[in-house]
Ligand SMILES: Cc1cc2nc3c(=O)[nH]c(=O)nc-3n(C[C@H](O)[C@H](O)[C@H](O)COP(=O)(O)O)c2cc1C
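Taking the form predicted alone, here's one chain by itself in structure tokens.
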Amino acid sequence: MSNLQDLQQLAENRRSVYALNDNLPVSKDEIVKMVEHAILHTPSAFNSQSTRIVVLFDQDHNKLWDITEETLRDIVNNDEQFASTKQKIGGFRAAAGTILFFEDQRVVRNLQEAAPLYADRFPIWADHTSAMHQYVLWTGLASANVGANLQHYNPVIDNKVSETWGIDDHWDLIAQMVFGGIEQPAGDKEFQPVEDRMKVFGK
């Protein structure tokens, strides 16, 4: 199989897996090395290197989802309405860990000052940078047979997260990637027609 086919197969294997457990098929050190590699080698607009990542295992992972459940419970304040949310968060807590993706807003502001013509674009490009890190790590996890799904409980949990883990005030939480052993693989995926989503000219 060619390198291109390998890459394409990895892209196909990267799916949202929600039925996870805490039995990782690789070591925690391997997960950390994967994150380190992503930070070093994932591209960023203007080579900003603005992405910041926090990896939570075991009790720290559980604490994140305790915080999320408590925060949302205060907002909903209705047991019946909250039941499905509680069950969903329980599924996240059952996994092995969570990767938190942040963007350092000091970097964004410095770029805005250095290139004012593009000032309104830098926050958007920072989101693109974060998304690339998310995709690289999600695909990397899939290559190691580690399941993952991506969540967005920010901004409601931001303050509690910052307080709990001493996160820099300039780091904005973008997403939370839950990962773990695959209890049940993702189901079939439906695809919209390629011809409705793509155009080619000059071929």
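Each residue number is its position in the shown sequence, starting from 1. Values in this document were obtained by computation on a predicted structure and should not be read as measured data.
Absent from the display: the form predicted in complex with the named molecule. The rest refers to it.
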property	result
The single option of 23, 184, 16, 9 touching the named molecule in the predicted complex, heavy atom within 4.5 Å	16
Answer option from 167, 67, 150, 53, heavy atom within 4.5 Å of the named molecule in the predicted complex	150
Touches the named molecule in the predicted complex: residue 138 (any heavy atom, 4.5 Å)	yes
Partner-facing stretch of 23-31, 151-159, 37-45, 54-62, counted where any non-hydrogen atom is within 4.5 angstroms of the named molecule in the predicted complex	151-159
Partner contacts in the predicted complex for 166-203 (non-hydrogen atom within 4.5 angstroms of the named molecule)	189
